[in-house]
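Take a look at this single chain, the form predicted alone, given in structure tokens.
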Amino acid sequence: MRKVFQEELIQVGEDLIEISKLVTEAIQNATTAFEGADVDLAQDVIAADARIDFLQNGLDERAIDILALQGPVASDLRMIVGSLRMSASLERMGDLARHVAQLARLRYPATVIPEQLTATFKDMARLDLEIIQKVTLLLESRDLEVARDILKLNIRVDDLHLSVFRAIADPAWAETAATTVDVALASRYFERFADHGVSVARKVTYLVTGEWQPEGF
């Protein structure tokens, strides 16, 4: 029974890594579609989100079965409960990538972001991609230095997010109401994506150390 239990725990960890890799593909494709007004790629991202949802549901069902049948304690219990929470964050990251793709599809054949903010959003997209890549590495390695890197990247995303809202609040902003809403939504999607990456990093840190540090590492 103990061998089966350990195999189940390993599978939960592998499922988290698989979901993280799918989220990486989703945000990479979503931002490509977003920046280049690629409606076909945007549609692919939207359709692929169902796979992330399916895997998350399967992981959660597996974790709940372990809780019910195996009665884990101590570090094993932390692993299962943490995995449930991390799967929710990863699933939400997939949703946010889908939202970015939906904006691209909505505004096709135009691009969503006005020229003066193109560089800012490219930076946000690049940082989000780096965050999810590091999330995958963290899930594989449990290296807390990677967790700290994620936190630092998130601070940079937050700064860019703030700069977007400063830009649209500036009296010189002359874009339409629709563009303003699109810019605000897109910035929020990228910012929240990074926040969920931090949430995963904090939970892995808790699994490794046994200490909860909600404000940092």
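None of these values were measured; they are calculated from a predicted model. Just count from 1 along the sequence shown to find any residue number.
Unshown form predicted in complex with a further copy of the same chain; subsequent notes refer to it.
Within 4.5 Å of any heavy atom of a further copy of the same chain in the predicted bound form lies no heavy atom of Thr31.
Taking non-hydrogen atoms only, Thr180 approaches a further copy of the same chain to within 4.5 angstroms in the predicted bound form. Using a 4.5 angstroms limit between non-hydrogen atoms, Lys134 is distant from a further copy of the same chain in the predicted bound form. Within this chain, Asp49 is remote from the site of a further copy of the same chain in the predicted bound form, having no heavy atom within 4.5 Å. For the options Leu84, Leu127, Leu117, Val112, the one in contact with a further copy of the same chain in the predicted bound form, meaning a heavy atom within 4.5 Å, is Leu84. When a further copy of the same chain is considered in the predicted bound form, only one residue from Ala37, Leu67, Ile155, Leu162 comes within 4.5 Å through any heavy atom, namely Leu67.
Of the candidate stretches 147-155, 23-31, 37-45, 52-60, only 52-60 has residues with heavy atoms within 4.5 Å of a further copy of the same chain in the predicted bound form. In the predicted bound form, Ala184, Leu185, Arg188, Tyr189, Arg192, Tyr206 are the residues of 183-207 with at least one heavy atom within 4.5 Å of a further copy of the same chain, listed from first to last.
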